[in-house]
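Next up: the same protein chain in two forms, each one alone, written as structure tokens (structure 1, then structure 2).
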Structure 1
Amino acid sequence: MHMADALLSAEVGGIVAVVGAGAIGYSASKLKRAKNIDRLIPLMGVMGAFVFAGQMLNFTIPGTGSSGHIGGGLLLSALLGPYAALITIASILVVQCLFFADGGLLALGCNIFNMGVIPAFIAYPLIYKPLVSRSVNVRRLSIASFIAVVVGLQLGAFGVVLETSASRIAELPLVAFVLLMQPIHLAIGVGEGLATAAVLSFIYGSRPELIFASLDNKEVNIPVRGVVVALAVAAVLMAGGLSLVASQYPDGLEWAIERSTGGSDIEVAGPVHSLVANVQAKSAFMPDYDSKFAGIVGGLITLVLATSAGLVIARLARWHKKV
């Protein structure tokens, strides 16, 4: 579910990156006020590493023959609280992005949002916590975590759909994309939900105080309204940015030409203009196909030049080392 840079536009990537950075900043400010903040850092580091390593483990889902692995968003929220969980997930995503190209650099914001903000600031406070707060037992814990994971993953997958569609890079019809993404992530969510439920049940059985720790924490108070407002603002910005890009009107230059000359092409007039036009005509091999063909030829030549430059530099470097 990690988003890649190639599917994002700069505007969408930038806006969601700001949202993600804002979430990290908000979590960090909330944690600063907590007592024992220096204890949190190794805790988040080791738990982050645990989730990273845990994602390598595949377990089989009986009856389907398929396998799944934990995502970790809700698990971390249930054990560390949403703020620490968000920062931990962000750390994991950065390591995955840098070392495994699992998710792009600009797309980090989107990934932190889809896989961090959604489980920690939406699924956890709105689904898991209310269900478990009333009374804690293995059954409630399992059901609450299962539902929270599945819903969180569905929302996260939908986030991917929205971000990809808003970027308008991949030309995928929205409905088809949704119909493809959601069922796949429902299946993944079922697997992850079962695993998360199993782990939390085990923890409740052996160290119940860990489950109660984040539930009893009165400082954890996600302003849901704030989250919704931030999302709405981001959506409006994106939509606004898109409408500017996809404007039906001719762009500024064409509009100016149309207004001033009454036509959409400028006639060549004057000696300088004719000279330049001549040069252009001579240098364009096939005037009709010139753009595409010249582009391809030029592209190949540039690639060859770039590779040769690379080889030359490598040779020079080796010669320099010998001398």
Structure 2
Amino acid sequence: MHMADALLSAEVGGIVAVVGAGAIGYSASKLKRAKNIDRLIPLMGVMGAFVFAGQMLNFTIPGTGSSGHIGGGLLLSALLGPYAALITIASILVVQCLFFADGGLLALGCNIFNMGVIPAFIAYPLIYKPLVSRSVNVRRLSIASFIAVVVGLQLGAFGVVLETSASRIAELPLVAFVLLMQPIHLAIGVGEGLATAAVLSFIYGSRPELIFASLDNKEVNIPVRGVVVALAVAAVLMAGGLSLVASQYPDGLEWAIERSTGGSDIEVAGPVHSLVANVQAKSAFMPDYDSKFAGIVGGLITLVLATSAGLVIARLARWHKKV
């Protein structure tokens, strides 16, 4: 569901980017006060790499000629809390945009909002957390994560429609676009919901304290090395192996655009679009993941970026305490 720049006007892209930046700044300020920030930092890095790899595993939607992949926003929120989750998903999207030309640079703010802000600040606190907090067990955890993922993805898909419509530069029939975007992302949401439920159930079975710590915003007082290692191994296997056999069908957004326009490409010429396209062309050293090592490289860069973001925030927190 990574938006391309051709769908957005400079005004809409800029406004949503400001909103996304504000949400990231707010998350960083809240994270500075978190008691468990030191424990969160390695999890932010490895979970960032894990979700990066997971997003490369496009799965086919039967009977549609389309495919989908996980967004990861709800999964990150359930394990890290919403503030660390948003910073981690933003790190993933920045890496994908700048180094792999996956999602437009002008559209980066929209992608952060649709794939990060919505699951972290709407689906997680309003759906997942109330359902799970009543009585945590594997069944409730699975149901809550499944419903939250599906609803969050529906809201994110509708966000794409609204942002595209407000831009008024892509000639997409609004009604047709909505009627294609929502059902295909409902199907994708089912796939992601099942995957998210499986991962959270596994972690709950091995380290339930991580689930409770996120729900209660408390410090994790157990070793997290085992979980970090398991997630790191899974990320390497997905990025270095399974991603090579991922579905080649267009994702839900590309599929909806093709069906709405009859298969014609959407291109926009303008000074802002040309500028960001040139910047992205120079920074993207593996456009469209055109290397069998792209998943490994991207996962490592994401791990470094998300970990570095956590370390900077932790250092700022210590500096403020001294002051």
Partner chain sequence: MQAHIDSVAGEIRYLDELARADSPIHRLSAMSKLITTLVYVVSVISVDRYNISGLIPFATYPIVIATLSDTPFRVLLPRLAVPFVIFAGLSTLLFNRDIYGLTISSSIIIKSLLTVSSVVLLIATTPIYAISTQLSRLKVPQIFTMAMLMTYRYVLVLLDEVALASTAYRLRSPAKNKGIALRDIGSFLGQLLLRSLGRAERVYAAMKCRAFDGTFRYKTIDNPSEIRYIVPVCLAIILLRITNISLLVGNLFLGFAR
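Quick caveat, the model's predicted, so the values are computed rather than measured. Under this definition, the rigid core comprises the largest set of C-alpha atoms superposing within 1.5 Å between the forms. Numbers follow structure 1, counted from its first residue as 1.
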property: Selected structure - the one that is the form predicted on its own; result: 2
property: Rigid-core frame, C-alpha of Gly310, shift of 2 angstroms or more between structures 1 and 2; result: yes
property: Flag for Val18, CA shift 2 Å or larger between structures 1 and 2 after aligning core; result: no
property: Did Leu57 shift 2 Å or more between structures 1 and 2, C-alpha, core superposed; result: yes
property: C-alpha positional change at Arg39 between structures 1 and 2 - rigid core reference, Å; result: 4.8
